[in-house]
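Taking the form predicted alone, here's one chain by itself in structure tokens.
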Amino acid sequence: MPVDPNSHVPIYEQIVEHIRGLVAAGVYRPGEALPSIRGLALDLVVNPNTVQRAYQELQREGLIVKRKGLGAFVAQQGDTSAQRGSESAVLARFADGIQTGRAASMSQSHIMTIFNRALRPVAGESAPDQATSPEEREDS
């Protein structure tokens, strides 16, 4: 789990997003134990309070449950919660990008072209099924 101390995103939020993504992807399944706070802090070379804060946020979201003396576990509906949380995070980033584009006087079609370009798979990934807009076909 990489954390970037130079990112504008606080480290605890990076941890939350990463664990949320792992749960949404099925790496951690409902009922499965997460790494201990101390163990994860050592692995990431961060203060245990940072991991504690991330776990508190995940618990607040309903993604994990803490069991006294046993640790943190993915909640029974944790996968559903993780998916909702991931969708909310993606939506917020899209909204930020749209706001940035509008502030730069970009048209909606230009913003959509950029969005579609961003959806193109990274080299080596398989292409997802997606419709392309007329603007994107013109760009190709």
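The model shown is predicted, which means the values in this text are computed figures rather than measured ones. Each residue number is its position in the shown sequence, starting from 1.
Only in words, not in the display: the form predicted in complex with the DNA, which the text now covers.
Of the candidate stretches 46-54, 108-116, 95-103, 23-31, only 46-54 has residues with heavy atoms within 4.5 Å of the DNA in the predicted bound form. Within 4.5 Å of any heavy atom of the DNA in the predicted bound form lies no heavy atom of V74. Looking at R84, you'd find every heavy atom of it more than 4.5 angstroms from the DNA in the predicted bound form. The DNA is not drawn, but in the predicted bound form it has no heavy atom within 4.5 Å of V16.
L70 belongs to the set of residues with a heavy atom inside 4.5 Å of the DNA in the predicted bound form.
Annotation for 9-34: interface residues with the DNA in the predicted bound form are P10, I11, Y12 [heavy atom within 4.5 Å].
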